[in-house]
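As a starting point, one isolated chain is supplied in structure tokens, in the form predicted on its own.
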């Protein structure tokens, strides 16, 4: 029986775990990977104490900090459901079932898919959702980046050092990103920006070789060997069953929490990008992680 089970080990989950260790809680951490989506960023420039650090470097710092404490850490394990019976939570993964007095959901988000022909067929065969992970595989090749936010521009900037040519494809003529990143793309001879352009199909044989786009009503074929889909993310969903009713979500399927990171289920907390917090930032997720553990500690002190 654990005092606290934390699902996820991104900025929110790791901070929650650090606070739990300092509070001497018997804590279980379940995670697919340490660092979460923060580990995929090529540049983190707004995290206090680091003027500049890459996502993988920050994730490594997170991991070192987490493993300096005595915690039960289950890596490469995915939580699939939570059930509450008589004030005890049963957390099921694909491998085990664990019992806990409290739970913090901090499993972040997953990339949003285009849901177009060819996407499923060529996933990991030229289609990728992580430039930091996969950009080196496309050295000297022609590629496309789909999206108009910071993640898309981040992918373009990484690929400028690696790829031969980059098409930046945006559905509208509006870019929701930092201007400095957009300026770097606009000033690169390698980058061709296609605005008001819709991606219709990914084409290939064993691997991606072309993509079909629609620009201002005219169909166009682009010869590319790689497609980076960077169109945002959706919350990671876990099935939650309790005697206290359904877990409340907003229209975007984000978990609704109050200022104490409490959900509508007593003893169940949530932190980070999986919640309805308005801004998805590493520092905000970390802050929520600390709040969630302090709230869980307060809850435990009242039920013991």
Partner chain sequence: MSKIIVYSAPNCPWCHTLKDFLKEKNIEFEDIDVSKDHEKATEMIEKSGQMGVPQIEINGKMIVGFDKEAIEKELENV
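Residue numbers count along the first chain shown, from 1. Values in this document were obtained by computation on a predicted structure and should not be read as measured data.
If you look for the form predicted in complex with its partner chain, you will not find it shown, but the lines that follow are about it.
- Contact check for residue 236: no non-hydrogen atom falls within 4.5 Å of its partner chain in the model of the complex.
- Within this chain, residue 175 is remote from the site of its partner chain in the model of the complex, having no heavy atom within 4.5 Å.
- Mapping the unseen interface onto this chain, residue 262 falls outside it, with no heavy atom inside 4.5 Å of its partner chain in the model of the complex.
- At least one heavy atom of residue 124 is located within 4.5 Å of its partner chain in the model of the complex.
- Between its partner chain and the residues 142, 198, 201, 134, the one pair within 4.5 Å by heavy atoms in the model of the complex involves 134.
- Note on the partner interface in the model of the complex: the residue among 215, 186, 76, 164 having a heavy atom within 4.5 angstroms of its partner chain is 76.
- For the three residues 32, 39 and 138, a heavy atom within 4.5 Å of its partner chain turns up in the model of the complex in every case.
- Annotated contact segment (heavy atom within 4.5 Å of its partner chain in the model of the complex): 53-61, selected among 240-248, 22-30, 266-274, 53-61.
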